[in-house]
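Let's start with one chain on its own, the form predicted alone, as structure tokens.
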Amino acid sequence: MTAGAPAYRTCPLCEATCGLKITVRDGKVEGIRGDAEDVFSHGFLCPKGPALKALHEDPDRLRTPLVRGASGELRPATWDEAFAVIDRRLGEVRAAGGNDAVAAYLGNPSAHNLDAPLYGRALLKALGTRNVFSASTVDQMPKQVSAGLMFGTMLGVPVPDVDRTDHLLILGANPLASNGSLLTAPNMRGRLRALRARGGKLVVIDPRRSRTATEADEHHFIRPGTDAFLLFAMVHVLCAEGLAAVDAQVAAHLAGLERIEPLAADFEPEAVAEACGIPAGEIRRLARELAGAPRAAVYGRIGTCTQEFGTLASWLVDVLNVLTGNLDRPGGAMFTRAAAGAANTRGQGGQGRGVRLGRWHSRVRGLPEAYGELPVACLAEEIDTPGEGQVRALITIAGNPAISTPNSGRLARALGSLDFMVSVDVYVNETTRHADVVLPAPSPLQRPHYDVALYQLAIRNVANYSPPVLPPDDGILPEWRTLLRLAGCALGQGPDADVDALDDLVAGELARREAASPGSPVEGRDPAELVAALTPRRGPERLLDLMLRCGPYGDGFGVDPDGLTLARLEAAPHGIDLGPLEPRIPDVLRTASGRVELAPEPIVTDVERLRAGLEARGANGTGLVLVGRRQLRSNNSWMHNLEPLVRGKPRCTMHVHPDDAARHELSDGGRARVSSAAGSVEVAVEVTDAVMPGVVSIPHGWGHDVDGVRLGVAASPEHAGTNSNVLADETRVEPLSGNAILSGIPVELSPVRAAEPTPA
């Protein structure tokens, strides 16, 4: 047996982008460790990275297409057979109901590979449907909406400069478990410990004493769904006490500052304290200390997004960063300058089109579009509500909405009623079990990788490309070819469309956009010349090379001979460090005004709803509410079939405070029935004071014990867990972003008692 040179790649299993050192012997993975020479992660590794071996070797991972046979069972098929079925049946649905009769859903793993971000757009364009959904609207859409309205782009999200800050305020986030989210930062535990070691302060606001909270200088319990009240009260203190001090560079490019103090007038700390569960004096101190820190940043994440005031809370995070003088300065909240993927990143302009939201609305409920997609909370009703425009076919890519979206039971029933469904996935899971065709994709170790999306949110400017570690399984197409072949069916080119020709069209369109982009190093160049210069590359590597060469560090196809290219990244297996974050205002701005819009009109209008919500809290804020929680060994539902990650004590338990457990006659290790307006579930009970009184917590992404899944580990009784999204009401969405409200769900508890023996 012989082992070759170690292979290096970036872990694709969460947002931290850690470097891996992989030992391969005789074509098999022998070991996976952290890459000590990685320019970003420096050897850090969480349990998910080594589990890539288990994912690659998982016997349940699909390695051939599946087609539903006459008996109703999914059976192995050839690629040609699968695409013949897709072409015929997709065509039938579109002929009968038009383009909008087909919906598409993009799952969370789509953002963690190279193929889907680059070729998913081509498929959606070919489909021509307005019924596009993704995991974004059960996760981060409020932050993307607020960032778009304030700064002009959906990924124009300021990230805390963790390595240089003196004071970090975290709300609704648990980066020690998530490894960072909308915050690409390996080894957050080490970075936060370093913050404290250099004399800085870490403050966590969370209804749970999370892993991150245990590392903090201070942790404050907060009533779920009230983050916007707390943040507005802090804004009120800054304004009322003359503590606001906007950075001069930002002030020169700022609009709407004069509107903030009047908006905050009704949210003094004494008015919000009872609703939040944080005393007014503590709120004032939090605001004063934030303003008084030499360098500070406020960071909010999924807990601030998946609530009824998610966009307002996301906006107020950055209002505080502006008012304390910490936006776009070292140690504050800064904008990444990504090597690839971000528009116009060479420092040109500042003025743009801004974002346009609500360009169309869903058929049944009239919910608005955001960034080209509709709220996934309305997917079920678009399928099961008859009438013109009814969705009758669905394409899913690397997603599991049957357990990740609200009122999952209704969506599961709706999926079963479709005329046709096709999925691109590595498993037959709770969603793909409904598909008529399932198309497999390579394992992460068999495909190239570059984090196009995540490097746009990194706390340091870095770039790292990973070639495939292992050859593909016999017969498995690269995912980009699968997506383009689907696009060929949608374009009417038949099941045997010329994929290379379609790929040339995609590359040509990207080159055309670059050549037409003001400030691009290839502005005015011939797009065909640019594509020809990339020969013999094709597929995602060709597109990536084009983006890198036209990016802020790129060679510009000869403009800067020392600039970045894919070849340079290929010669740097540990990545290239492009330096710390630097101030970017005004060039980062893409609002129509070319300014930071501190008081966007849609957000200002929504403040009245927040005022009404504060009044309602006084009368209705005392019942039990449900929140989710992050887990280090899990990223939503897509890693639960990996035994190395799920072994050990059960993780799908309900955390309940001892006082609430006693009140509802629940015992540690027992079971409880949890009921909401949408449904009820049974779950194992874990009594702990790590959750505040009045709050219960169940992790999301579980509930694998349903018929038809082919997940030998995840579906086993000891690992199946409970689907908490059965309790979420799909009719409740945050109005500005369409995000599902998954945090602060009112629930009732009762014990599940063992059945008594039948009398003799």
Ligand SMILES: Nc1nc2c(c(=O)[nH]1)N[C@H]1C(S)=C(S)[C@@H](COP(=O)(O)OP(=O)(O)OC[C@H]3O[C@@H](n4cnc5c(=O)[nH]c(N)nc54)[C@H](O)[C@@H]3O)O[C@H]1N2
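This structure is a prediction, so every number in the text was calculated from the model and none was measured. In case it trips you up, residue 1 is the first one in the sequence shown, and so on.
From this point on, the text means the form predicted in complex with this ligand, which you will not see here.
Participant: Does the 4.5 Å heavy atom contact test between Pro224 and this ligand in the predicted complex come out positive?
Facilitator: Result yes; Pro224 sits at the interface with this ligand in the predicted complex.
Participant: So in the predicted complex, does Gln456 come within 4.5 Å of this ligand, heavy atom to heavy atom?
Facilitator: Heavy-atom contact with this ligand at 4.5 Å: absent for Gln456.
Participant: With the partner left out here, check for me: in the predicted complex, does some heavy atom of Arg208 sit within 4.5 Å of this ligand?
Facilitator: Yes.
Participant: Are any of the heavy atoms in Gln631 no more than 4.5 Å from a heavy atom of this ligand in the predicted complex?
Facilitator: Output for Gln631 is yes: heavy atoms within 4.5 Å of this ligand.
Participant: Quick one: which of 88 to 96, 164 to 172, 235 to 243, 351 to 359 gets within 4.5 Å of this ligand in the predicted complex, going by heavy atoms?
Facilitator: Single hit among the candidates: 164 to 172.
Participant: Any chance all of Asn429, Trp638 and His700 sit within 4.5 Å of this ligand in the predicted complex, going by non-hydrogen atoms?
Facilitator: Yes.
Participant: Tell me, out of Phe83, Phe557, Tyr105, Tyr553, which residue has a non-hydrogen atom within 4.5 angstroms of this ligand in the predicted complex.
Facilitator: Result of the distance check: Tyr105.
Participant: Would you kindly say which of Ser146, Asn400, Thr336, Ser466 lies with a heavy atom within 4.5 Å of this ligand in the predicted complex?
Facilitator: Among Ser146, Asn400, Thr336, Ser466, a heavy atom within 4.5 Å of this ligand in the predicted complex occurs only for Asn400.
Participant: Does anything in 140 to 168 come within 4.5 Å of this ligand in the predicted complex by heavy atoms, and if so which residues, in order?
Facilitator: None of them.
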